[in-house]
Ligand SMILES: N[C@@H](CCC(=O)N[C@@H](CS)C(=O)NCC(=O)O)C(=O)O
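Single chain ahead, by itself, as structure tokens, in the form predicted on its own.
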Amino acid sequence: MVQLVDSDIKTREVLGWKGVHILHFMGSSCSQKLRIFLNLKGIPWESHLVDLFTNENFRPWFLGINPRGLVPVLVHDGAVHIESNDIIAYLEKTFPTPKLIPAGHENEVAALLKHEDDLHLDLRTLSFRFVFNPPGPPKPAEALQSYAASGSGTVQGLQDREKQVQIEFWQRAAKEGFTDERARASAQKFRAEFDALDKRLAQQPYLMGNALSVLDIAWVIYAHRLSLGGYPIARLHPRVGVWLDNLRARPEFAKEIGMPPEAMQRLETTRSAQVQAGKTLEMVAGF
């Protein structure tokens, strides 16, 4: 569990917050995952939006809460928890019904969620190349300077490497963009993962058996985001496609992954330009 200690936290006001507070962003995949989990659990919570598009997460106030500069963050009765999968595991123990981690499978689910999380930078690469497609560097130099300079720099009292990993990712993106080579490598990773999920779904309706679990929540977010980018899920992984459509139709999922009309219009414009240039995700990946 990644619960911050007192010395990690510079924005001291959150220590007095009572109840369940979530700092999040509507379009963040990890925030979407957590919000769906909260919906399914029926946990009441207070929302604190952090605008990633304006780099609010790189400003001192937010870095004083999460030194890594990432959303979501849980503040529960003044205790600060970071990393979405750890937050979910904590809330599952704190609010045990309805159960979304099968009893006796806690270690297995934790390992599978760690594996899913290890692909997050690949999802980000494909998202920025094929979904968001910003016209310039995705993170301005001044925002990264604020990111580097602010916050305690520690997690659980120890110097933390994760923020530097994030900075290096954005610096490379500013220098090189999201190249065909990087996009192709990331897409191929997901193809292997979805092939494995397709085999699971040949035997059972959900990824852990006959009941919905946090594993379904985590992977539906990835599958949905990649489908927005043009990944041909239904063609390459038909069982995953059916499973995805079924879960996206549920209100607990639909309200968290829906896009406003203006965002859908931008996406359609991006997709049209990629088709004309012969640079869709499907084409770049060789699918």
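Note that the coordinates shown come from a computational prediction; the quantities given were computed from them, not determined experimentally. So that there is no doubt, residue numbering starts at 1 and follows the sequence shown.
If you look for the form predicted in complex with the named molecule, you will not find it shown, but the lines that follow are about it.
Exercise. Does the 4.5 Å heavy atom contact test between Tyr231 and the named molecule in the predicted complex come out positive?
Worked result: Close contact is absent here: in the predicted complex, Tyr231 is far from the named molecule, nothing within 4.5 Å, heavy atoms only.
For this session: With heavy atoms only and a cut-off of 4.5 Å, decide whether Ser29 touches the named molecule in the predicted complex.
Result: Flag for Ser29 set to yes.
Exercise. Quick one: does Gly151 come within 4.5 Å of the named molecule in the predicted complex, counting heavy atoms only?
Worked result: No - in the predicted complex, heavy atoms of Gly151 and the named molecule never come within 4.5 Å of each other.
Problem set entry | Contact label in the predicted complex: Leu63 to the named molecule, heavy atom within 4.5 Å | Contact check for Leu63: no, nothing within 4.5 Å of the named molecule in the predicted complex.
Exercise. Honest question, do Val2, Tyr90 and Glu108 all end up within 4.5 Å of the named molecule in the predicted complex by heavy atom distance?
Worked result: Heavy-atom distance to the named molecule in the predicted complex: none of the three under 4.5 Å.
For this session: Work out which of His76, Lys163, Arg124, Arg182 lies within 4.5 Å of the named molecule in the predicted complex, going by heavy atoms.
Result: If I apply the 4.5 Å criterion carefully, the residue I get is Arg124.
Exercise. Just one of Val71, Val80, Ala187, Leu100 has a heavy atom within 4.5 Å of the named molecule in the predicted complex. Which one?
Worked result: Only one option qualifies, and that one is Val71.
For this session: Specify the contacting stretch among 194-202, 152-160, 210-218, 81-89, defined as having any heavy atom within 4.5 Å of the named molecule in the predicted complex.
Result: Within 4.5 Å of the partner lies stretch 81-89.
Exercise. Does any residue in 135-170 get within 4.5 Å of the named molecule in the predicted complex, counting heavy atoms only, and if so which ones?
Worked result: Going through 135-170 in order - heavy atoms within 4.5 Å of the named molecule in the predicted complex - the hits are Lys139, Trp170.
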